[in-house]
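Read the single chain below, which is given as structure tokens and is the form predicted alone.
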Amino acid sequence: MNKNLSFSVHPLTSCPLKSFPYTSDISSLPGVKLSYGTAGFRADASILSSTVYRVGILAALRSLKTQSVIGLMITASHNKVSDNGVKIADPSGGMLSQNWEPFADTLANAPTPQDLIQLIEEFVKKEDISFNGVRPAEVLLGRDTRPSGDALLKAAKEGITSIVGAVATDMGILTTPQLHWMVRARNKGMKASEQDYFEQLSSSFRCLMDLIPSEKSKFNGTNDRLVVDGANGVGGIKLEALQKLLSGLIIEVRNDGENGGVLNEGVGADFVQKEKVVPYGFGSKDVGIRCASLDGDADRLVYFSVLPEGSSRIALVDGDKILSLFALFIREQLSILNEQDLKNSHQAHLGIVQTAYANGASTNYLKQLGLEVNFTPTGVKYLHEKAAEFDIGIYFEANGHGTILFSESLVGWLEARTKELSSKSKGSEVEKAALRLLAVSKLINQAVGDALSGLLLVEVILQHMGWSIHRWNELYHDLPSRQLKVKVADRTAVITANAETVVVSPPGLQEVVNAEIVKYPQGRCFVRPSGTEDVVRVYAEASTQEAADSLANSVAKLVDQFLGSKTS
């Protein structure tokens, strides 16, 4: 598979590229084409070496273009252990700019070394990437616990260092959010080691714990402990290290990968959220105990409690309810500032961001609280971009991926206001509210969804409220829902608008979908093309599970009639 081929010096940029040790694993597989999306590139690990090498080149070029530190993470998150993947963290710690995704696609799918060289040279010229900038390319590397990670890390390093002067820094085995946090911190001029990450989370958690009102009831009995399913991945390992710095919280980690468990097999947030059953290692002994589940690379988090009437059944507390808990807490602190702080010159704008997949009951609940709810197309990149428009933007998907974003101007105002208040009215409710918001901005990972930081924030808010997981889960009751896939020859035939809730093409499809929806109490349904495969996805809600199933099946048949497809 390997073939050495020296790059020539680019005539315009004088960019000396060293060698090309990987021929394309993908081009030899008929019908296989990689597409860069929210997850980056993912596939069976055995065919990813050339792709990871090429993404290493992309990361180095991105670093040169932005004159910033870039991240490269090797992970396949909640996929099976034989898979792996690779994705880029941009200077903000967020995902790769959407403008570079087409280049990533063509780079990964270039069939020959000559095609690859030509593609890179044309892109360097188009983007006006200079190799004589102030700083050379620098890329931070991370990987999860998959056995294929070491070999792919080597390929990534070779891709990065094929750009002369580029530096590849191996940060070790990490959660995906840790790497994103490190990139963001480095580009802000902050310390960015794993220990720095742990210390920032633990110190801000401690600050919030110290600010819990004394009159609020504390947990006792079984409620003083949390049992966490680590998905046999990297998250459980890191949580065990982090909890050594914590006080006021008892955490037991199961499925930490140390006792022969298989990554994501019958465990993890994706399994728990989709199947709504206990992960491996949980059962009747855990009835009444607060439980949480991470996914394989610890960027998703869901909570659950084991139901007494059957040791395999659970009451799921998903990302929608995590969002609702965070929104309640943030709203409470902002209300104190807005109503009691006479010198509040910064009336913070709080915005909630969801996709159409959010359960309708959660959206109704948030709106009843008087909160502004915005919708975006499916995909973290859209949610994150919209949340960044607010002073405080909260987004979460039902699958447990989400975070809270704070504007730089609000954080600056909070820092100044807390200093002023501490010298004049130390211990006032206004000062406490400002300190809480400031601590949340440091505890939550603003680069990307982070199961570890999210878990700590959930725990401190529950203690602040004096709530059990059962009280939290009673905020609202989800409407029954059903998701289906309809196989199609060409998913691009379906075009949507209004955050993917309305079909504009093919003509007439939305009208017949609307006619079906009105037949069902509390009915809601939308169809959208998949971003990764030739299927159209159908989502339906209604007042009963039978009605939701019926609505989904009826709409799937309509999609089949319009597109000549087959339901699966």
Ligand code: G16
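All residue numbers are counted from 1 along the displayed sequence. Only a predicted model underlies this, so the values are computations on that prediction, with no experimental measurement involved. Here, rigid core means the biggest group of C-alpha atoms that superpose within 1.5 Å across both forms.
In what follows, reference is made to the form predicted in complex with the named molecule, a form of this protein that is not presented.
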query: Candidate from 436, 87, 321, 184 lying within 4.5 Å of the named molecule in the predicted bound form - any heavy atom; finding: 87
query: Contact assignment for the named molecule in the predicted bound form, among 161, 468, 378, 204, heavy atom within 4.5 Å; finding: 378
query: Residue stretch of 507-515, 66-74, 50-58, 36-44 approaching the named molecule in the predicted bound form, non-hydrogen atom distance within 4.5 Å; finding: 36-44
query: Partner proximity in the predicted bound form: residue 450 to the named molecule, non-hydrogen atom cutoff 4.5 Å; finding: no
query: 4.5 Å heavy atom contact, residue 399 to the named molecule in the predicted bound form; finding: yes
query: Proximity of residue 300 to the named molecule in the predicted bound form, heavy atoms at 4.5 Å; finding: yes
query: Partner contact for residue 78 in the predicted bound form: the named molecule, 4.5 angstroms, heavy atom; finding: yes
query: Cα displacement of residue 60 between the shown form and the other one reaching 2 Å, rigid core superposed; finding: no
query: Rigid core superposed: residue 41 CA moves 2 Å or more between the shown form and the other one; finding: no
query: Cα displacement of residue 538 between the shown form and the other one reaching 2 Å, rigid core superposed; finding: yes
